[in-house]
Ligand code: PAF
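A single chain, nothing else alongside it, follows as structure tokens in the form predicted on its own.
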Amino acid sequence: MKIGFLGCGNMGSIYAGYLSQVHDVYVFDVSEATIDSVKKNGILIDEPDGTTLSFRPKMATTNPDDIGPCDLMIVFVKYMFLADALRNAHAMFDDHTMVMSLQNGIGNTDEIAKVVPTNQILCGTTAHGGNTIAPGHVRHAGTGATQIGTIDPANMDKVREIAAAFEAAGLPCDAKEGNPLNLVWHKLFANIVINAQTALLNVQNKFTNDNEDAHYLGDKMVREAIAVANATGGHFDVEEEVKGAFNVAVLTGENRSSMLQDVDNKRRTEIDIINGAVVKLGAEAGIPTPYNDFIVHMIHAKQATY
């Protein structure tokens, strides 16, 4: 399978690296430092057991025209840049290419749909985590299953084919039927507990579970999020989802969240499609979300200090 990557940051590196073992992987990134490193050293991944692996994609380039249309295009670009990035990388997809997002938050597929027909869009979630060491070099901070689904039920055969392609590369992957946004909401609940708090407090994920005050705030925010999800078509068990969200904080306890890494590097965060999505959809559904609203304003204030 010819697989193209739009973005080779933490998650792009992990997926591009593993998939390159058995598939033709093409990596596009606007960072010359990242592409130069990949060309010279391969994609370097420090595994939890202390080993460092080097993976060689078929091509790494800052020019998407070099790649041409792919069978599957996986996007790992922040939502605020996603539509423009896809327009820039139009040479990498045509009318047979499936375009997939595994990113956090509610709204990535809407951005993709500005450029790509809805029947070519897949989305899902990942339990993998990564921290940047240097351009083209990441620490694999957490592992787990990838779950993928399709907005168009007619594409389920393609979803299963892609899941099998991931499995062949050592990436456990489940092809899920039904509304794929349910997968995204489920992952979002953990993001709600972890991301903004760790970004503000400069702590690892486990703090949100272990500290009494952080646990209290996380609990309030995730209950608001579940109420909004259920008011907008979901069918989530509140106590089960609360428990699951905090369990993710424990299982990824040593990780520094992606939002914390954004704050560390003085980058704009994805708060508006995580807690911000809860606030927006809650307002539309008439569901109060004061705790999530508070944390959104705090992250915006933090960004203003850069």
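All values derive from a computational prediction rather than experimental measurement. Residue numbers here begin at 1 and follow the sequence given.
Same protein, other form: the form predicted together with ligand PAF, not shown, and the subject of what follows.
Engineer: Given that ligand PAF is not shown alongside this chain, does Asn108 nevertheless sit within 4.5 Å of it in the predicted complex, heavy atom to heavy atom?
Structural biologist: The answer is no: Asn108 has no heavy atom within 4.5 Å of ligand PAF.
Engineer: Does at least one non-hydrogen atom of Thr34 fall within 4.5 angstroms of ligand PAF in the predicted complex?
Structural biologist: No, Thr34 stays farther than 4.5 Å from ligand PAF in the predicted complex.
Engineer: Within a 4.5 Å heavy atom cut-off, is Ile273 in contact with ligand PAF in the predicted complex?
Structural biologist: No, Ile273 is distant from the partner.
Engineer: Mark Ile194 yes when one of its heavy atoms lies within 4.5 Å of a heavy atom of ligand PAF in the predicted complex, and no otherwise.
Structural biologist: Looking in the predicted complex, residue contacts with ligand PAF include Ile194, since a heavy atom lies within 4.5 Å.
Engineer: Using a 4.5 Å heavy atom cut-off, indicate which stretch of 43-51, 56-64, 256-264, 277-285 touches ligand PAF in the predicted complex.
Structural biologist: It is the stretch 256-264.
Engineer: If we check ligand PAF in the predicted complex, which of the residues in 88-104 reach within 4.5 angstroms of it by a non-hydrogen atom?
Structural biologist: Contacts from 88-104: just Asn104.
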